[in-house]
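Below you'll find only one chain, the form predicted on its own, shown as structure tokens.
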Amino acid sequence: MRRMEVALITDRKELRAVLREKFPRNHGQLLPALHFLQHEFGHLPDWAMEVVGWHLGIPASEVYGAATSYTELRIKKPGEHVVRVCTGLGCWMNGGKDLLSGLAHDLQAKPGETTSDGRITLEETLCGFLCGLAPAVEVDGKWQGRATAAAVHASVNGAAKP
């Protein structure tokens, strides 16, 4: 399953109108609005965070601080596909460490980096909340529990095909 790539919202005025419709102007709407942006754009563009701040009446520094405090939110635009390996204790001890290092080697990208062709971003997450199914890996939003190197590589290769 491919991640939605292009947002239909293209400018500040259009985004402001959408935010007015979806989010009341109060401080408690900051995280829901940031998650909305993440869903629409795949990351949090600077200009869009600025519009959220205007709409909610929150200083840009506070919007940026919230955006950088939550690991599920991305400031940088990811590759076309995102592979996340859980590095929580259960996953780490049950093979997550080997899955992460194997993927990093095969993709020639360290965790947090995108492949040189821009197709795959490799990330680690502190917990996928799938400890009972450890190790867990997420490919384009779909989690795999009891992940094996072969299954993960098949998913990554399948996702990366044009």
Partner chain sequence: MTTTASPIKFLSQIAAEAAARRKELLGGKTRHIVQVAHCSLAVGADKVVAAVRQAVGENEVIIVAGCDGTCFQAPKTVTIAPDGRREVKGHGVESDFFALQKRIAMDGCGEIDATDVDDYLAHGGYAGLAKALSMSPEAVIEEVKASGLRGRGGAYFPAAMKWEGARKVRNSPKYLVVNAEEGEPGIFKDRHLMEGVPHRIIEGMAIAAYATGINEAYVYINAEANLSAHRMEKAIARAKAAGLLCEKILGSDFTLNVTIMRGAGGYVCGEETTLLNTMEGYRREPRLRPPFPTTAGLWAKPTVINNCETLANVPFIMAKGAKAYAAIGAWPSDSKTPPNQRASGTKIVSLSGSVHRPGVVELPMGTTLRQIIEAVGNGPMAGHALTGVAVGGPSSGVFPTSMLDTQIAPGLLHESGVMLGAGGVIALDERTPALDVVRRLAAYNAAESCGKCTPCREGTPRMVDALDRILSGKGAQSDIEELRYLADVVGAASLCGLGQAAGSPITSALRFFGDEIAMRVASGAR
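Numbering follows the first chain given and starts at 1. None of these values were measured; they are calculated from a predicted model.
This protein has a second form, the form predicted together with the partner chain, left out of what is shown; the following refers to that one.
Remark: Arg146 counts among the residues lining the partner chain in the predicted complex, judged by a heavy atom distance of 4.5 Å or less. Within 4.5 Å of some heavy atom of the partner chain in the predicted complex lies at least one heavy atom of Phe129. A residue is said to contact a partner when one of its heavy atoms sits within 4.5 Å of a partner heavy atom; Lys13 fails this definition for the partner chain in the predicted complex, lying far away. The partner chain in the predicted complex is approached by His35, whose closest heavy atom lies within 4.5 angstroms of it. Among Gly57, Gly112, Gly118, Gly28, the residue placing a heavy atom within 4.5 Å of the partner chain in the predicted complex is Gly28.
In the predicted complex, Glu62, Gly65, Ala66, Thr68, Ser69, Tyr70, Thr71, Glu72, Leu73 are the residues of 52 to 83 with at least one heavy atom within 4.5 Å of the partner chain, listed from first to last.
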